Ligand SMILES: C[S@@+](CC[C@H](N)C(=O)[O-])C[C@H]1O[C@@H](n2cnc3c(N)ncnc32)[C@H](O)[C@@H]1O
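Given next, in structure tokens, is a single chain: the form predicted on its own.
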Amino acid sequence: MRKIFRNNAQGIVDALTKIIAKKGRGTRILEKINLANPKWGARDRNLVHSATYEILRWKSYYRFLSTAEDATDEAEKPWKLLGVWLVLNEVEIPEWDEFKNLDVALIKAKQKEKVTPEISKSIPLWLYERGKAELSKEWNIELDALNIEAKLILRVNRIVTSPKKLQEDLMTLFQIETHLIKGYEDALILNQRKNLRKNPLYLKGSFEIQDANSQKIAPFTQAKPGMKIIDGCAGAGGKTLHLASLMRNKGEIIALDVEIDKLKELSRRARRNKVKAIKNTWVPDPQYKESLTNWADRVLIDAPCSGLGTLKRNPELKWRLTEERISEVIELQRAILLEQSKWVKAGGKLIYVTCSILPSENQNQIAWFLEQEEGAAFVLEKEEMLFSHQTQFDGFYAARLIRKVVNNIPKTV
């Protein structure tokens, strides 16, 4: 039977405490915990990472199996959740004070009991009901897929290398096995999860780490070399960099965001990726935004959203999300559509994208936009819903609209 060491267990509990109680972002908190434990090897880091995310993914069900909700001391709750994880993963229960009241027989007995869907799927009740109302039977199937841990996917930077060459280099130089994914031209999936952020090929810009369905978005824009493109909600630039790769560094990409720190990160990533076509701009400059009217061949709106399509890699999101937050992002999405659609020139295309699976953030938003004065200038060309249960990757929605020319005959570029 496997064992767990005290410092690993403490790392998991510390991560859970900061993510659940303080609503921190999982990846950042785990990175800090790794840095605070420099003597940890790959096994330790992998254990802490996988256990933390598995507990976050199944928190409702774990609480049902344990007595975590009965604990009066908040500090006890993560230890009780960890205790359930140890039992379910057949790890030896250490003789520590934190586990002295752990009832292994009770946990195993409760596994046989029937539970309500929101507990079995491990999701807040209000969110389960909302998803069921919007997606009907497909919601349960999608939740099952989103409760499976995400695979590690690479996106090949064609400015630097090719998929075949990167695959060969990873295997020859570092004994890292990958395979191609049918229908995803720039994607490689790792056979075994590894930390590649310090890999020499990553540092020289040969690849980025990016979900496979996220890699569908840049090609969906139909970007071509020489075009003028605006990424209106660029963030740290995963899709911006992919656009530059597809354009072979020829053309002009304006990357906008309200968070200047994210644009600084995009600049660093662009240098590593050998990308020269991107110009970063901080969104709050109204005069600059006005100058973009009718300028772009393509405007990509990777809109702020609930992020429900990314629960495979960000399970903590479902515990932070609220009804109020979804209402806020729906209003924000509409405001962004009205503003940024003005930047598309006649014959150009507007691409609206979210990593949500809710129609209220997706199809319904496009239907609403087309009924507005600004939307009357556009025709919906194509929309695509990428569900996790159909693809095994993150959930995404994408819509591509053409701006009519003056004589109302769509002329595309």
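Counting begins at 1, following the sequence as shown. The structure displayed is predicted, hence computed values, not measured ones.
Although it is not shown, the form predicted together with the named molecule is what the next lines describe.
Quick check on this chain: which one of Pro117, Pro94, Pro304, Gly205 has a heavy atom within 4.5 Å of the named molecule in the model of the complex? Only one option qualifies, and that one is Pro304.
Work out which of Asp211, Asp257, Asp297, Glu142 lies within 4.5 Å of the named molecule in the model of the complex, going by heavy atoms. By the 4.5 Å heavy-atom cutoff, the listed residue in contact is Asp257.
In the model of the complex, does each of Gly309, Thr391 and Arg400 have a heavy atom within 4.5 Å of the named molecule? Looking in the model of the complex, the three residues Gly309, Thr391 and Arg400 all stay beyond 4.5 Å of the named molecule (heavy atoms).
Does Asn273 reach the named molecule in the model of the complex, with heavy atoms at most 4.5 Å apart? No, Asn273 is distant from the partner.
Tell me, yes or no, whether Val84 is in contact with the named molecule in the model of the complex, where a contact means a heavy atom of each within 4.5 Å. Answer no; every heavy atom of Val84 is more than 4.5 Å from the named molecule in the model of the complex.
With a 4.5 Å heavy atom cut-off, would you call Thr178 a contact of the named molecule in the model of the complex? Although the named molecule is absent here, Thr178 would stay clear of it in the model of the complex, with no heavy atoms inside 4.5 Å.
Though only this chain appears here, would Gly235 touch the named molecule in the model of the complex if you measure heavy atom gaps against 4.5 Å? Yes.
Which is the contacting stretch out of 120 to 128, 154 to 162, 192 to 200, 238 to 246, given heavy atoms within 4.5 Å of the named molecule in the model of the complex? Only one stretch passes the 4.5 Å heavy-atom test: 238 to 246.
For the stretch 333 to 347, I need every residue with any heavy atom inside 4.5 Å of the named molecule in the model of the complex, listed N to C. If the 4.5 Å heavy-atom criterion is applied to the named molecule in the model of the complex, 333 to 347 yields Ile336, Gln340.
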